[in-house]
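Read the single chain below, which is given as C-alpha cells and is the form predicted on its own.
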Amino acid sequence: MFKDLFYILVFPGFAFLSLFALAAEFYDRKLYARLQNRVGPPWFQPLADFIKLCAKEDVIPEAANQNIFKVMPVFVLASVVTASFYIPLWNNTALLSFNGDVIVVLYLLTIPTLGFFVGGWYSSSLFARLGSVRTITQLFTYEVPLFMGILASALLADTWSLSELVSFYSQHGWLWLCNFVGFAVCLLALLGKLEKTPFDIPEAETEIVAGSFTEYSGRLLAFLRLSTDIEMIVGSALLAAVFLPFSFNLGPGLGFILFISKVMFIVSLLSLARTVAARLRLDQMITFCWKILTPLALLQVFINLILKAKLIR
C-alpha cells in the first residue's frame, strides 16, 4: 500500500511530474524568448507563479455551476498524472503495462481537453464559453492525425503496449527511422493539443481573454496551469517512447537522464515550432489538420503496413 502511494504521490507520480513540469515550463519560456531575441523569465518564475496563484482567493462566478467548476481542475490533473504511469522512464518497461495501454494513454490525454471544455462552459462566461467551443472544435481536428501517427508505429511493432513497442524498436535498430513522417505529424498535433502557437485559437489572447480559463482564479487556476504543463511533459514522453525508443540498456541512472534529455528535446522542437509560426484561424487549422496532417498520418500507416508485410515474409 505504502509503495503504491509513493508511486502515485512522489515518483513517478504527482511530486516528480509537478517539479519536472515547472522546470520544462521555464525551459520552454526561456528558449521561446531567446529565439525571439528576448531575455525571458528567471528560473524560479513558474514556481513563483504557482505559489502566487495558490495564495489568492478562488473567485467563483455566481451563475456558474459551482460543483463542476471546482471539480474540473482536479479531474484534469488526475488524468494527466495517471497517463504517465504507462510510459517507460529509464528502461523499456513502464510502471504499469498491459497490451492496450497505448489506447489508454491516448484516452487519458483526451480527458484534459474535455475538462477544459466542461469547466469553461459551466463557468457561464461568454468569453469562457466561446473559448470552450473552440477547444472542443480543435479536439476533432488534431486527435485523428495524432492517433493515426501513434497507432501506425504500434501497427509495425504488432503490439498495443508501449513497453513492448519500445522493446521492439530497441531490438530492430533502423526501423524506428521509418516513422519520421508520423513523428512530424504527432509533433504538430501535440501543439494543437497543448493549444500553443499556431494553434492557440481557444485563447487567442487579444480576442477572448484566457479562453476556457477566463473565470478561473486562485488555486483552481494554478491546478489548471500545472495540468497543462504536466500534459506537455506526458505528451512529449509519449512521443519520445514511440518515436525515439532507443535506451541502450544504460541502467536506471543513465537511462533516466536519457529519458529527460529526449523529453526536453521534444519540448525544444515545440518551442521552435511556435516561434516560427503565426496563429491560425480556426478554419485554417481544420483545413491544415484534415487536408495535410491526416493524409500524412495515413501515409505513415501505409508505409508501416508495407514494412510489416515484408518483415513477415
Partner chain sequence: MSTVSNIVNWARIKSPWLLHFNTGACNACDIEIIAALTPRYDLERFGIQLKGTPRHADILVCSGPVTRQIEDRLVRIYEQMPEPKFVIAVGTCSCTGGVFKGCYNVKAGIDSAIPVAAYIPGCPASPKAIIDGVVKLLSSLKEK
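All values reported here derive from a predicted model rather than from experimental measurement. Positions refer to the first chain, counted from 1.
The same protein also exists as the form predicted in complex with the partner chain; that form is not shown, yet it is the one meant from here on.
> Gln45: heavy atom within 4.5 Å of the partner chain in the model of the complex?
Replying inline: Gln45: contacts the partner chain in the model of the complex.
>> Under a 4.5 Å heavy atom criterion, is Asp283 part of the interface with the partner chain in the model of the complex?
In response: Contact check for Asp283: no, nothing within 4.5 Å of the partner chain in the model of the complex.
> Is there any non-hydrogen atom of Leu155 lying within 4.5 Å of the partner chain in the model of the complex?
Replying inline: No, Leu155 is distant from the partner.
> Is Glu231 close enough to the partner chain in the model of the complex to count, meaning some heavy atom within 4.5 Å?
Replying inline: Because no heavy atom of Glu231 falls inside 4.5 Å of the partner chain in the model of the complex, the answer is no.
> Of Ile68, Ile51, Leu254, Ala277, which residue is found within 4.5 angstroms of the partner chain in the model of the complex when only non-hydrogen atoms are counted?
Replying inline: In short, Ile51.
> What stretch, of 211-219, 176-184, 233-241, 78-86, brings heavy atoms to within 4.5 Å of the partner chain in the model of the complex?
Replying inline: Checking each option against the 4.5 Å cut-off leaves 211-219.
> If you look in the model of the complex, which residues in 38-77 sit within 4.5 Å of the partner chain (heavy atoms)?
Replying inline: Sequence-ordered list: Arg38, Val39, Gly40, Pro41, Pro42, Phe44, Gln45, Ala48, Asp49, Ile51, Lys52, Leu53, Ala55, Lys56, Glu57, Val59, Pro61.
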